[in-house]
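Quick heads-up: it's one chain on its own, the form predicted alone, in structure tokens.
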């Protein structure tokens, strides 16, 4: 599978690069970003943190706003940021042009309903196709962590919980914790998967926790001034599900913080250290 480089920038002794490739999973061209710390040029095979962004975002938001490169360089951690959905003229978007569905809002599920089923298979892309591409083309190991924000936090939780053994570390910022019970999730799951709500459970972190066979510790940060906290994110549901299942969860409610990248940048170092420690010991 050929990679076309889009851009390359020196950063914190390493390199931030963007690539384009044809995705067989999504049946369209996709872009992703990768941060390669200095150790990547020294022959080391490094662990990878996959970052999943939220609604309306692309691969660029995290890399430009989170300020993760400096500590990633110190820790020897590769960061990979895919796009949030399939793109291109052939990919259907929301027929009403809404921002919370379709382009920029793939929700990291495998769609089963038309016209979405051909392209909107972000779960398989993130879990299988993209890591295979990264591991074949960059100096990385098969030690993987996953994290994300909002819709991407939902994606990180679901990718790890549905695929035990695939990831060695897991965290999230302000995740959509219970998508089958919130407006964003009901809209996305209803259209991508159909109206049978029993099928939605396969993509809801709270439901998956009840059946999880792996006890991968989860770190979650949530701002208490987040405008989406009560209606869309529902961290209390995640906490209750983890407690009922006996699943290790550290949920930190951060006073005064909102849903923005100011919030992410404030706590990203804690998450990078959380992942690096687990990946070193994996």
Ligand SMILES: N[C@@H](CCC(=O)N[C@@H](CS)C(=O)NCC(=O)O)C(=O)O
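Numbering follows the first chain given and starts at 1. Predicted, not measured: the structure shown is a model, and the values here were computed from it.
Although it is not shown, the form predicted together with this ligand is what the next lines describe.
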Clash verdict for this ligand in the model of the complex, overlaid onto the shown chain (3 or more atoms within 2.4 angstroms of backbone or C-beta):
open
Looking at 55 to 63, 213 to 221, 39 to 47, 250 to 258, which lies within 4.5 angstroms of this ligand in the model of the complex, counting heavy atoms?
55 to 63
Is residue 171 part of the interface with this ligand in the model of the complex - any heavy atom within 4.5 Å?
no
Report whether the minimum heavy atom distance between residue 149 and this ligand in the model of the complex is within 4.5 Å.
yes
For the heavy atom contacts within 4.5 Å of this ligand in the model of the complex, list the residues of 225 to 249 involved, in sequence order.
228
